[in-house]
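Given as structure tokens, the chain that follows is alone and in the form predicted alone.
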Amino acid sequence: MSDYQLTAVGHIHSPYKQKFAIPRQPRLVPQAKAKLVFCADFNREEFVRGLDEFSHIWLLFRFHETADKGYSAMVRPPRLGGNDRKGVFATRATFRPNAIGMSAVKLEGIEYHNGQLSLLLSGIDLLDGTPILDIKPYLPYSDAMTDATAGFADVRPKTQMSVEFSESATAFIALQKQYPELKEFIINVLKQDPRPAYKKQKQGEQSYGMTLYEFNIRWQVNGEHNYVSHIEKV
């Protein structure tokens, strides 16, 4: 086999500080805002000239936190409850031979501030610090195939999860003026039900925590109800 050397063109500054609670596909949580900051060799406006004509872009990236764990020929997709096994090339699992992923995300804008070139993105599903290997414009006439089928992942995942906030969590959110969509962001993340598949079968109340932006968020799940009990700054 041939070896290839890849160089990151930039890195993602994302609200997702840990793998847990990241949506399993892009654009499921529109309020997930991020910034792609270009590396020094690509920190020139020439590289993105004309990109602002496109509403969405493809990001090719590296699963940097799992790349050193190797790959598996067979994986257990969460969409199948973590029970059935599929070939890794029939899934979007992270444990891949080259640890390469792809996401189609919304391009909100291009920023050049104090000599630093960045892309402003939304609907992101990438961990903070993810290295970006390439960027390509999304072409609706070619990339959106209306007659395509997708096997076990043919429909958008849905849950009946409800989300409620404690009085203290609601008051805390109201003070975070720099994040006007924080409450809706948390709601949409929790509605995706980020729990491991095997946890969803368990009865009774379960407690979880996650970090979004610089906030620690604690919540409890009972059946299909989420209760956000506490939020604090990291």
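Note that residue numbering follows the sequence shown and begins at 1. Every value quoted in this text rests on a predicted model; they were computed, and no experiment measured them.
Missing here is the form predicted in complex with S-adenosylmethionine (SAM); even so, the following discussion is about that form.
In plain terms, the part of the chain that comes close to S-adenosylmethionine (SAM) in the predicted complex, with a heavy atom within 4.5 Å, is 122 to 130 out of 122 to 130, 158 to 166, 106 to 114, 135 to 143. Put simply, R92 is close to S-adenosylmethionine (SAM) in the predicted complex: some heavy atom of it is within 4.5 Å. When S-adenosylmethionine (SAM) is considered in the predicted complex, T66 lines it closely, a heavy atom lying within 4.5 Å. Among heavy atoms of H225, none comes within 4.5 Å of S-adenosylmethionine (SAM) in the predicted complex.
Shown alone here, K191 lies farther than 4.5 Å from S-adenosylmethionine (SAM) in the predicted complex, counting heavy atoms only. Contact annotation: of the candidates H56, R195, R62, K183, the single residue with a non-hydrogen atom within 4.5 angstroms of S-adenosylmethionine (SAM) in the predicted complex is R62. Along 23 to 51, these residues reach a heavy atom to within 4.5 Å of S-adenosylmethionine (SAM) in the predicted complex: P23, R24, Q25, P26.
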